[in-house]
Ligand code: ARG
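So this first bit is one chain, no partners, the form predicted alone, shown in structure tokens.
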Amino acid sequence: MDLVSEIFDAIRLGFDKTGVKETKVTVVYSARPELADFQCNSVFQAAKELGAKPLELAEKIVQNIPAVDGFEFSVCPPAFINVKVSDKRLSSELNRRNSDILLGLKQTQNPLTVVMDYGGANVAKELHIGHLRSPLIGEALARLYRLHGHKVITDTHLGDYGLQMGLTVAQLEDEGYLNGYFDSSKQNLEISLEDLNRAYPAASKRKDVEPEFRKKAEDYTLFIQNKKEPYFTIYKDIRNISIEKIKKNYGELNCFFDLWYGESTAAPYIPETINAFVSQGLARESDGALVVDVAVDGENIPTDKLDENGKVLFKNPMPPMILKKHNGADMYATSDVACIMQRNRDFAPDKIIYIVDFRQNKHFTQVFRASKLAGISPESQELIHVGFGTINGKDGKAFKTREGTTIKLEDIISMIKSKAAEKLSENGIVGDDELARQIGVAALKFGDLSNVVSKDYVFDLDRFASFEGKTGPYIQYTCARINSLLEKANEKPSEIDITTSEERGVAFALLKLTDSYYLAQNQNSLHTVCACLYDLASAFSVLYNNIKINSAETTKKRKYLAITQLVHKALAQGLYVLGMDMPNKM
């Protein structure tokens, strides 16, 4: 049993023996380490429930806590139960973790199958800053869930279906790129991602002013969906060109996927999805469209106000989910419900997590409710939308180029690598492109993941890339420093034997880091892990600066090396979860 669990069990027994069995007991790290290491604040609630005096009740509970070697329980007015842990007990806990491959983290006894949907790039379109947060957050959550012992299946769910594909093909045909597909005596022009990035916007503008072109694009879209040749082969070739570039960009960010599925994968399930609603009487016609009502009690309450067209306005409006438009076209929501059907058939997941911009919250609320109504998602299955905030510039507005255009993801990657290379050159390291990428990616990821996932944040590359302060490169620099220390030690670590305040500071930072993984999974946000990684690196820096490890007497040196080794392993584990590399030098 780990240290925190022992403390909890002892205090819980004290509550029970005092006759306070209904109150929920919690144990937290003390905010006043000079007074205590842990603290229980549950007496206040218990006293309120029993009509007792808090301080008297706390004293009775502490009297009933059994004596446990290594722990000292006391009462601090007005009614806190304080816990002090001895150096010996703390040393024992850290030695146990140092010999454990998971460093004390307890994996779940009930592993789940979890599908994570993140990335969400569109085929034939340039990746931009709007595609940054989803893969960074998704990759870290996937690694976190796997660390806890869950089976995770990651899918980028490409936008690879619909009119955008027909438009792109029609434009490329008009420009003469596709002649060889239609006439074997002719050659195709090589299509690059730059060609696709140019063709789609051009086609999108044409469709609004050229009815014939729009009609051709709509026909080509249908041909692709019906797998008619050569349109389906053209579509597949365009898809492959895009995926190759998307994989490169996401790969540079250490973001990977098990599946490269997309809207096209779910498309065959759409007819069955629609029938599931129609056959159960869940769909109705509205202005020629087929819709599903997903509002619940308390939503759509009529108000006294009218809109500009004289229609009644509603409080907390939740519109119906549209299955089919008036012209018979399927909607994104239909495709997403069909995707849930496909994933349940293929993987039977216990949980599906979507990491998508928070502005899509209403869309996912509709999709999730509709999926439950039709029985496409079983009641036991969790459907979760992790909605993230936007990336802003220092002016508080959406981060863009100086010209006011959306910045490309490829340019962001180039920026972070250049900034990291600049920092490395200050340390005398020049020309190491891979090291610059590793540090740049850590700067970017830590800058993003250290924020509460739902919040907006300011993109500040200078601050992110600093080797000092609460940054990814600072964590990496601490690891590199430890590497150097261990290489020069010329001694093997012994067992951890805590005797100094600096070691105690490191010990509790290690405990808190492990606990942060559980909290991060519950919150689907990595900010607590980032904070605890920084605190551990800072605590070790205090030890490193105050205690000359390699010049210490041999016995002390070996025990210092033991705690240093554990810090190194813990930082490596944390960096892995966040999707960051651990350079050997910086």
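Nothing here was measured: the structure is a model prediction, and the numbers come from that model. Just count from 1 along the sequence shown to find any residue number.
One more form of this protein, predicted in complex with ligand ARG, exists but is not displayed; see below.
Trainee: Choose one stretch from 427-435, 497-505, 353-361, 454-462: the one whose residues place a heavy atom within 4.5 angstroms of ligand ARG in the predicted complex.
Mentor: Among the candidates, contact is made by 353-361.
Trainee: Just one of 478, 450, 122, 82 has a heavy atom within 4.5 angstroms of ligand ARG in the predicted complex, so which one?
Mentor: Exactly one residue meets the criterion: 122.
Trainee: Among 332, 256, 314, 232, which has at least one heavy atom within 4.5 Å of ligand ARG in the predicted complex?
Mentor: By the 4.5 Å heavy-atom cutoff, the listed residue in contact is 332.
Trainee: Applying a 4.5 Å heavy atom distance criterion, does residue 445 contact ligand ARG in the predicted complex?
Mentor: Outside the cut-off, so no.
Trainee: Any of the heavy atoms of residue 117 lying within 4.5 Å of ligand ARG in the predicted complex?
Mentor: Residue 117: contacts ligand ARG in the predicted complex.
Trainee: Just checking whether residue 126 would be counted as a contact of ligand ARG in the predicted complex - the rule being heavy atoms within 4.5 angstroms.
Mentor: Close contact is absent here: in the predicted complex, residue 126 is far from ligand ARG, nothing within 4.5 Å, heavy atoms only.
Trainee: Decide whether residue 336 counts as a contact residue for ligand ARG in the predicted complex under a heavy atom distance cut-off of 4.5 Å.
Mentor: Residue-level check for residue 336: yes, a contact with ligand ARG.
Trainee: What residues in 153-191 sit within 4.5 Å of ligand ARG in the predicted complex, counting heavy atoms only?
Mentor: Residues within 4.5 Å: 157, 159.
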